[in-house]
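The form predicted on its own is given below as one chain in structure tokens.
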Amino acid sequence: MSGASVIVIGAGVTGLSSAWWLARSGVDVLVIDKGIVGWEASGRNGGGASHYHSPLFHEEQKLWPQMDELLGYTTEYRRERVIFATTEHHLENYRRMAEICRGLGYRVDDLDPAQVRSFVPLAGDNVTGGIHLRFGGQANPQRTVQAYAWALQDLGGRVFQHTPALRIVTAGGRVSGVETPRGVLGCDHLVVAAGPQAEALLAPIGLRLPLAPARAEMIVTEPAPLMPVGGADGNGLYGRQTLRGNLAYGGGPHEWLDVDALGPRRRPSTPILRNLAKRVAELLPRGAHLRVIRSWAGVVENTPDGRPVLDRIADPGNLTVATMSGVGFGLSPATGHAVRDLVIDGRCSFADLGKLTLARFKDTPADWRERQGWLPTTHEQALAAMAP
């Protein structure tokens, strides 16, 4: 069988970062994907890098400012973000977030409405206040995914696009390869970073990873004058201003889907577009005149508790699972480092991953999606759910 020492299923940002970290350690690594690099949510997201709730947070903050130099290609990373409110309730939530981040050792400044508008000139008179994260920041998702892929190839790693994983092959209690349209590709270790398809791939070998796939949609406007801070969040939205001036924003509600091992059916747009445009105009009323010039959509996988899975499985012992439950982009430098450690050393060197194991779902009821209401909807149901 042909293949590699380590095969990574999934050419999203998690899989590519994992492969790059492994290649940096001299590992012969091959990435396979049903489509092209970054074709799902990895290339279509808000580009944020400020995940203070994750055990990978400190490593995320350490690595992002170094990534352009380490990769040898630009990610368009820019430091700092502003999060601001248009209601007192939201402002209370953001101030609590600020206290948590300060407790972790990071600087966060409280902002009054005038200070918010100095950073975000497109904000309006409805601002109640905000916070200025002096850490974190944002990068260009499409540039970043391509940077990982090129840097991986520079180190001798390979990427097979349009090569779906059809089945995980096992022999003697271990993973021996992956069945693909190219034939069976053999490996000594397998990393499953297949996003929403991971559940269907793992189930036949007796591993249960409960996932609820959803479309995460974003809108992009025509360019506006550049603001002092590229990342400005609020009103349930995440996003950034590109270096050209475009506003790129997304953020709930999700359109819940059913997918199989080959992914979801394609649709060009959903009723979520209207909801997004309305909330961006509310957040940035001085930019409400900007025309929406395109939309993006990617599919994200959501675990029952909303936390990622980063785990080297005990049986089979040569399998590592990496599924990020919607926070894969920003954490990708740290996630790749963690996967490298799990594959080569058997444990993460810089963070406790005990809360991110697959075993925590062993008692999750079969109808968990029904209980949480995370079920596919028709076009009409989605419209009704968003009606005032």
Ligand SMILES: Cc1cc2nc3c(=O)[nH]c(=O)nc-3n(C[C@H](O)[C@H](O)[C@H](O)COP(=O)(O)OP(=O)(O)OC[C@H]3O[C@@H](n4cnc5c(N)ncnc54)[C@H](O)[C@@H]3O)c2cc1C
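Residue positions are given as counts along the sequence shown, with the first one as 1. Owing to the predicted nature of the structure, the values given are computational and were not obtained by experimental measurement.
The next section is about a form of this same protein that is not shown, the form predicted together with the ligand.
Heavy atom within 4.5 Å of the ligand in the predicted complex: which of S295, T303, Q142, T163? Checked against the cut-off, the match is T163.
Find the only residue in L319, V327, L342, V27 having a heavy atom within 4.5 Å of the ligand in the predicted complex. Only one listed residue qualifies here, and that residue is V327.
Picking from 197-205, 281-289, 109-117, 149-157, which part of the chain touches the ligand in the predicted complex when contact means heavy atoms within 4.5 Å? Of the stretches listed, the one contacting the partner is 197-205.
Is I32 close to the ligand in the predicted complex, meaning a heavy atom pair under 4.5 Å apart or at it? The answer is yes: I32 has a heavy atom within 4.5 Å of the ligand.
Please run the contact check for H337 against the ligand in the predicted complex: heavy atoms, 4.5 angstroms, yes or no? Close contact is absent here: in the predicted complex, H337 is far from the ligand, nothing within 4.5 Å, heavy atoms only.
Within 4.5 Å, heavy atoms only: does A11 come near the ligand in the predicted complex? A11: contacts the ligand in the predicted complex.
Check whether V299 has any heavy atom within 4.5 Å of a heavy atom of the ligand in the predicted complex, and answer yes or no. Yes, V299 lies within 4.5 Å of the ligand in the predicted complex.
Partner contacts for 42-70, taking the ligand in the predicted complex and a 4.5 Å heavy atom cut-off: Counting only heavy atoms within 4.5 Å of the ligand in the predicted complex, the contacting residues of 42-70 are S42, R44, N45, G46, G47, G48, H51.
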